[in-house]
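Provided below as structure tokens are two forms of one protein chain, presented individually as structure 1 and structure 2.
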Structure 1
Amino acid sequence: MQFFDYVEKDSVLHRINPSLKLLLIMALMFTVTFVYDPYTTFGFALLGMLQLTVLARLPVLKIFKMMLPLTLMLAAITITSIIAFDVSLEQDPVVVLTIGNFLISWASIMFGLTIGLRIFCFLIYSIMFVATTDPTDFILSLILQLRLSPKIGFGTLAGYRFVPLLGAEYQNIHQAHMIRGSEQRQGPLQRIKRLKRYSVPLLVGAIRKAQRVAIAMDSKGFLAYRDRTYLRDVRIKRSDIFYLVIILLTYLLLLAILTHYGITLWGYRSLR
């Protein structure tokens, strides 16, 4: 299993319509950006992880292991946020720690944790989408449900195949130049020069491939008929709506309970 890649299997989340899943996940991510307490944010993350395990049947522990290098980044963001929080704006700060001129209050710690957890949340939800969405279904759903132009949709799909090829090509060019004894110094200026040199063969190759694909697609009558049909049955089914309602109710319930106990805070101002 790759870290940020589609995992081919059958699960509840795999079967959900990609556009609906995307919109729902985006809505949840949007909501969580207005939450300013770590508890609610953690609740969102927890529900996300729960969906990953139960609904997508993905090995969450394995995913965590792969995320390990990222935890360093998360920790850094948390600490920076704690320090960056402007305690002087607080009406009645509860100071926990003083380092020189810096005051670290209880609210600043909560703020830092919120930001860290929020990014964690984003990661979880992004993985949830990417790992459970077949790229082909995703593009078809964008075309069929969200009215993306087929030209752009199929173009993207054709281009998607070239991404790994491009990587291999870059590797080859690098090796070929290296063998011929071209400059391999590591300075930033050298790197830019090298990038310029590599980009010509890369671009030439990419443009040629794109042209060939375009000719091949047109040869098969792509967009020759206005109403193209589709072999894959990508539409919004009743089960999708069912899933949507259940998920929305669950998150509303979480927010209701936490709000009832005064835990959920909305907006930056709530921290003062």
Structure 2
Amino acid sequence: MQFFDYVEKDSVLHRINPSLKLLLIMALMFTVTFVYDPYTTFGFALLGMLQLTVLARLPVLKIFKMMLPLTLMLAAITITSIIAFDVSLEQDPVVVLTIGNFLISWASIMFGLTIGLRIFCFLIYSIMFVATTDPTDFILSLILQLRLSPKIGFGTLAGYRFVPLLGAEYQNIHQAHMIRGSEQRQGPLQRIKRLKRYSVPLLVGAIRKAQRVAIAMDSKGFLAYRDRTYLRDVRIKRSDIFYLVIILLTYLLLLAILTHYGITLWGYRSLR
């Protein structure tokens, strides 16, 4: 399972309107952006994990497999944020560790954890949207609910559908070269050279596929009529509104409790 995979299931999150789900996730991410304490960001991440496991019914092991490719980058950003924090600007720094010329204070650790957990939170909600949203339903929802142009919407969907096809075509080219005995050496440099050799046939194949799709859409009268009909009926249901209200109330309650006890910090200067 890869990071950008849609997992086909019949769950609560899979049935939520894609546009409504997208707007809700964007609002949650926007809120987390202005929070500068690790406790609130951890709370948001934990609620996201609960939604993935309970409402989307995705196993925890599969979720971590989807996040695994970005784990090292997440750890590197956290450590870099801790080291790069300017301790000299603190009024009364509590130095925890000294590494050469770098001073690591309690505030720098909190800052690094906040940045790391914020990215972790973004990662969880990105997986939540991608894994529970059918791409076709998403494009139709953008067109029907958010009034996106069908030309842009279906063009984006066609491009999205090309991604796995290009991956399969890359494997076909690679196997054809192996049959001819031209793929003997291994290593990073050989992979770069191989990608350069494969780029031309991949580009030619992508152009041919795009031409075929364009001809097929024109032959079927795409955009010939002002009003369109759609095979799938994507609309906002009462269950979607109920989910939106419950989730918003849950997150607002979490923020209210943490703010009441002085745990939630808003703004970068609150760390100093």
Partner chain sequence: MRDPVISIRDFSLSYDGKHKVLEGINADILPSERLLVLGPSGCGKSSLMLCFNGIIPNLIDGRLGGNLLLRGKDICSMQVNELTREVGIVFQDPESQFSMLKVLDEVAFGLENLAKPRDEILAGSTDALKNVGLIGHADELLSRLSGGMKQRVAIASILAMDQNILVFDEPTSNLDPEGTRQVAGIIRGMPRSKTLIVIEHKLDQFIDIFDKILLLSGKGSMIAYGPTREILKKYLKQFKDMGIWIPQIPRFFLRLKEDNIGTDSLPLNLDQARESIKRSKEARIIEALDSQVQKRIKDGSRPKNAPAVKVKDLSFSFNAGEPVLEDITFTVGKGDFVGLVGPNGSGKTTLAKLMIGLYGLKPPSEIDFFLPDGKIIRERDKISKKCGYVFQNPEHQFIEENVFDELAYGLKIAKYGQDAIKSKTWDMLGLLGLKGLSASSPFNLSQGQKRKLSVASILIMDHDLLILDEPTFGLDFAATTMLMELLSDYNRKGKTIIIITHDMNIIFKYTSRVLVLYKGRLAFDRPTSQLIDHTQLISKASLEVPPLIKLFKEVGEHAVF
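For clarity, a rigid core is taken as the largest C-alpha set superposing within 1.5 Å between two forms. Start at 1 and count along the sequence of structure 1; that gives the residue numbers used here. If you're wondering where the values come from, they're calculated on a predicted model, not measured in any experiment.
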| property | result |
| --- | --- |
| Displayed copy of the chain that is the form predicted alone | 2 |
| Same rigid part for Gly205 and Leu144 between the two structures | no |
| Rigid hinge motion between the two structures - rotation in whole degrees | 19 |
| Per-residue Cα shift, Tyr170, between the two structures [Å; core superposed] | 4.2 |
